[in-house]
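Next comes just one chain, in structure tokens: the form predicted on its own.
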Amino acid sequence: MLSTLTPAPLDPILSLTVAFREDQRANKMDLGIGVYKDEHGATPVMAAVKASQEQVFATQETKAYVGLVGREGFNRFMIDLVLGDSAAKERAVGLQTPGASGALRMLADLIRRATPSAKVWISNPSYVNHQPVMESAGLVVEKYDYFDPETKQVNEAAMLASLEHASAGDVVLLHGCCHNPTGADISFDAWQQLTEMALQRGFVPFVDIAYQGFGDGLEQDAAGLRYMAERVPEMLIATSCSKNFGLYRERTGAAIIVGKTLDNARLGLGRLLQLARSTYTMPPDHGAAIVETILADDQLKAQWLSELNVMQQRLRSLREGLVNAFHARDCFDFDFIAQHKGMFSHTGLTVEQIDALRDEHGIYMVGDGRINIAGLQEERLAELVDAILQVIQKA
């Protein structure tokens, strides 16, 4: 059986981790995989998470299954976190999933069950896993214009024009904030226009909000999503605790359905439970227990919010510091980095330049030009700038 298979292509991001680990150079720099790192280059466990873990360990008395839906308290808190005071909460239900990718797949399978002919529209470019997940569920993927390679910002006019081709019953996948891989976010005005388009054309918004709190703040990052959720009849949402709680390896996420009514949303949830049963059955408990404990405790929640704010402010500072380091070399071509949000920016570097950065300088970044701002260290910004300018000058 196995001999009939051809070798699988390497994952463009995860394969970088292996190559970086095997690189013996002491000055190597990992700006590939999307994890937050502190000024020492470590991905720390948040203090609120450590305190919550101790509480979970001290009080948990069973390792019995949590059930198909996962932790009910966690699901309610995730709906609160994403939808806030929006009236859409009254017609929303949640399912704990193995990370945001698990949420994406469960919701993709739900789309396939509900509307097999639906096309899923994703941004060009989009998160590397969006298209494979949708296609693995048997859905047809179309791309809408998004990123302008000249300005390094969103071309909102082109985006809206592309989505004029979305039909009733189609699904439009949007990044809630901190667009991956570009770092370029749509304006609130664009959220308003997209909401009107959804109402007029009849497509269903599907929002992936994996970085809430890393852009302008926890509430601000969800403003566009909440505006839309209050006004459209149906919405699908995938959310993650990997970044804002630092729970990467715990695979903690949620799928949220906003229905025309609460009963309508529960119909979708029932199908999600059926799909979960035939896929992974039960979600892992530990990460969700940690999050639920934090959000249920005022002191722990305040501590977590403070730590999240520190990370968000550091990302902004790193962006400004990197732009200033370019300015110190009389280079003003990378000012757009300070305007981007979240963990990533699309640099516009070519594949050849990225290969040269890796081979000549030990600097690893994704081949599409994405750089993980959260992987930078303050004292190495000038070193990175010099390396980038050297490979550009050689081209």
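Computed from a predicted model, the values in this text were never measured in an experiment. Start at 1 with the first residue shown and count on from there.
Keep in mind the form predicted in complex with a small molecule is missing from the figure; the text below concerns it.
*Asks:* Would you say all of 124, 175 and 206 touch the small molecule in the model of the complex, counting a heavy atom within 4.5 Å as a touch?
*Replies:* Per the other structure, none of 124, 175 and 206 touch the small molecule.
*Asks:* Quick check on this chain: which one of 130, 243, 91, 319 has a heavy atom within 4.5 Å of the small molecule in the model of the complex?
*Replies:* Contact residue from the list: 243.
*Asks:* Of these, 47, 331, 56, 33, which has a heavy atom no more than 4.5 Å from the small molecule in the model of the complex?
*Replies:* It is 33.
*Asks:* Is residue 19 one of the residues lying within 4.5 Å of the small molecule in the model of the complex, judged by heavy atom distances?
*Replies:* Residue 19: no contact with the small molecule in the model of the complex.
*Asks:* Is there a non-hydrogen atom of residue 13 within 4.5 angstroms of a non-hydrogen atom of the small molecule in the model of the complex?
*Replies:* Taking the distances in the model of the complex, the answer for residue 13 is yes, it comes within 4.5 Å of the small molecule.
*Asks:* In the model of the complex, is there a heavy atom of the small molecule that lies within 4.5 Å of any heavy atom of residue 211, even though the partner is absent here?
*Replies:* Flag for residue 211 set to yes.
*Asks:* Counting only non-hydrogen atoms and a 4.5 angstroms cut-off, does residue 180 reach the small molecule in the model of the complex?
*Replies:* Answer yes; at least one heavy atom of residue 180 falls within 4.5 Å of the small molecule in the model of the complex.
*Asks:* What stretch, of 322-330, 58-66, 33-41, 356-364, brings heavy atoms to within 4.5 Å of the small molecule in the model of the complex?
*Replies:* Flagged stretch: 33-41.
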